[in-house]
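The chain below stands alone and is given in structure tokens; this is the form predicted alone.
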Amino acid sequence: MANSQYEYVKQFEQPDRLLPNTWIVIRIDGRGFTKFANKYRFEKPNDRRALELMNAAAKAVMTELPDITIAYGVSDEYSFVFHKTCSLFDRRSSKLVSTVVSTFTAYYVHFWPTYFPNSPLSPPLPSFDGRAVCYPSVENLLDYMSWRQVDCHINNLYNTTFWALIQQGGIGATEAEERLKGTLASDKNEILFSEFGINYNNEPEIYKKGSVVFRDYELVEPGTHNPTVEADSLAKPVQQSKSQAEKDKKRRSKARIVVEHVDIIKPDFWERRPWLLSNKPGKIPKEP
């Protein structure tokens, strides 16, 4: 293309590449979702339909972007993890974030009628924003994932108690907030059980633990792999042959993407699924 007098504007474009050899987490959040949830009368404290819709959109994103190794979602937020050896978009922050956010939003709108068939969307339509954060070690990444799941538990226990006080206890929001101010987890559990007969331990796992999305391969025996050490030993991206890269791509495309509501804080989850940290596809489970 010939140069023109206007081409100087390209000088304003600044590089926005993310740090190499780091784990990339793209975390998206719903924009103005409190008003959005009220508009469509989401059930309190949790709306199973809304959570399943988020999960469906997350699975679709992982299907389109096989470089994502694992995702974790709670409420109106989702975190998508790219392996440290990923070179997608040359690790450009703006392109990576915009791709994840736009793909997720598109599928959220696409799947909406499936989960809310009697509530057609109208402007303002649902939208999400996102950010990219780099984590230099596996320990940092696992601590991030643990933080999000702990946050899920803390918020859900509070919300479950808060809405029990309002919906079953018949008090107002301000009074419920005052009642819960300064309470510990044990206090909230006692309120739920003694006043409303709710055993928090029996609440659905999706509410207490959030949703974990990943490609499903055969589980390995605990202790046979140390995925944390193996992943941290990768000082730089491993150069694969073209045939090996194609083989891995096919294995990823054949793997079933699952949504589970499990503990990701304990090391057992990661030890039994070493492919999540190694970026090497496992064995496809045999059909039952």
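Please read these numbers as outputs of a predicted model, since none were measured by experiment. All residue numbers are counted from 1 along the displayed sequence.
We do not show the form predicted in complex with a further copy of the same chain, though everything after this point is about it.
Taken together, the three residues 5, 11 and 133 all come within 4.5 Å of a further copy of the same chain in the model of the complex, as judged by their closest heavy atom. Residue-level contacts in the model of the complex: of 114, 168, 119, 146, one residue has a heavy atom within 4.5 Å of a further copy of the same chain, and it is 146. In the model of the complex, at least one heavy atom of residue 139 sits within 4.5 Å of a heavy atom of a further copy of the same chain. Not displayed here, a further copy of the same chain is kept clear of residue 182 by more than 4.5 Å at the level of heavy atoms in the model of the complex.
Contact between residue 162 and a further copy of the same chain in the model of the complex is not found at the 4.5 Å heavy atom cutoff. Shown alone here, residue 81 lies farther than 4.5 Å from a further copy of the same chain in the model of the complex, counting heavy atoms only. Heavy atoms within 4.5 Å of a further copy of the same chain in the model of the complex belong, among the stretches 187-195, 212-220, 168-176, 104-112, to residues of 104-112. In the model of the complex, the residues of 11-26 lying within 4.5 Å of a further copy of the same chain by at least one heavy atom are, in order, 11, 12, 13, 14, 15, 17, 18, 19, 20, 21, 22.
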